[in-house]
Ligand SMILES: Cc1cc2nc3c(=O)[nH]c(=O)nc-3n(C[C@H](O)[C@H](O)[C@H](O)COP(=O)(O)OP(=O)(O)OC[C@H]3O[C@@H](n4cnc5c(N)ncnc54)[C@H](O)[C@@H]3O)c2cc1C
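In the block that follows, a single chain appears as structure tokens, in the form predicted on its own.
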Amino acid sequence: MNRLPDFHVHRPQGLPQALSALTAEGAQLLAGGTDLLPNLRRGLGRPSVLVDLGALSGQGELDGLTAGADGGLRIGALTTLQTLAGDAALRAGWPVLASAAALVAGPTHRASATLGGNLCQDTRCVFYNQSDWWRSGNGFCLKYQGDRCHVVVKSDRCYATYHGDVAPALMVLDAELEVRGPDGPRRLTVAALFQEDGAQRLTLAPGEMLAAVHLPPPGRWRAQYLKARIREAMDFPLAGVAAALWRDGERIGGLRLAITGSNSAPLRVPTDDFAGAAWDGAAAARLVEAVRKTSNVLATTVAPVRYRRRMLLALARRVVDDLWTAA
């Protein structure tokens, strides 16, 4: 591990001060720090200012769960994953989100890691997440300090992979994100937060930050998230699939599916044409093919590409099988 780079730490006492501090050149947000600080220890990044949001925790605007008049739920971006995993209201109405939060890393990580930080986490790659001396000996990479991608050598973009557990669960719940910035608040879908570029992974404008997640009422949808990983705890998903299903008798009333661990962003898989169809072997084969076309599994982790692809496709069928049976 390297020593941490030199930077200033700004600890705002309110959201306006945090947004003002974030406009400084080279400023980065610090919440739980479970993703950012290990990266800085590896020499990945040199922020000029860290905007520490610790003092804003407990103020209500950026953390906690608040029920809406329409039956929905607002969750502040500073809410810890531990809180999400254990919240009774979330487990009753939106259990897929509580389950996904409980599957992230280990208990001590979840006690510090925040919902916003998990959504905005850095992309990962076996060529990127190494020590500084290792990366310097291999010519660095397109994501940081280098000029080529070691995964797809002739590519003009970075193929580092997004491995978050919470994002696909929010996608199938049709959640919306509340963003605050210099131009005021705005709302966007979860998918709109991301772009398929490992180096430029988020669409947030300079000075913007994620403030909250808004969940719609659960209605008749059932949802589930499954992940494959090397160890039963601690590990990022090598492949992850979330699905939400509304069963209308012996037909599919609606189906949503999202994947993680395969691409530079979490992605929704096109499933609109499954509405009205029966869930049978033919439908399962069509779903697996849709996942195959959406995903782009490459050599970004220590696990073989073929294994990760097969797990992704298997999990997609299994999660819908489980939901169909449960419904």
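Remember, predicted model here, so these are calculated numbers, not experimental data. Sequential numbering from 1, following the sequence displayed.
One more form of this protein exists, namely the form predicted in complex with this ligand; it is left out here, but the text below deals with it.
Against this ligand in the model of the complex, the set Pro95, Arg222 and Asp321 makes no contact: no member has a heavy atom within 4.5 Å. With this ligand omitted here, the record of contacts in the model of the complex names 33-41 of 276-284, 262-270, 291-299, 33-41, defined by a heavy atom within 4.5 Å.
For the options Arg256, His150, Lys227, Arg135, the one in contact with this ligand in the model of the complex, meaning a heavy atom within 4.5 Å, is Lys227. This chain is displayed alone, yet in the model of the complex one of Ala105, Ala85, Ala191, Ala199 has a heavy atom within 4.5 Å of this ligand; that residue is Ala105. In the model of the complex, at least one heavy atom of Met209 sits within 4.5 Å of this ligand. Contact check for Glu176: no non-hydrogen atom falls within 4.5 Å of this ligand in the model of the complex. At the 4.5 Å threshold, heavy atoms of Cys120 reach this ligand in the model of the complex. The shortest heavy atom separation between His109 and this ligand in the model of the complex is within 4.5 Å. Taking this ligand as it sits in the model of the complex, the stretch 129-156 never comes within 4.5 angstroms of it through any non-hydrogen atom.
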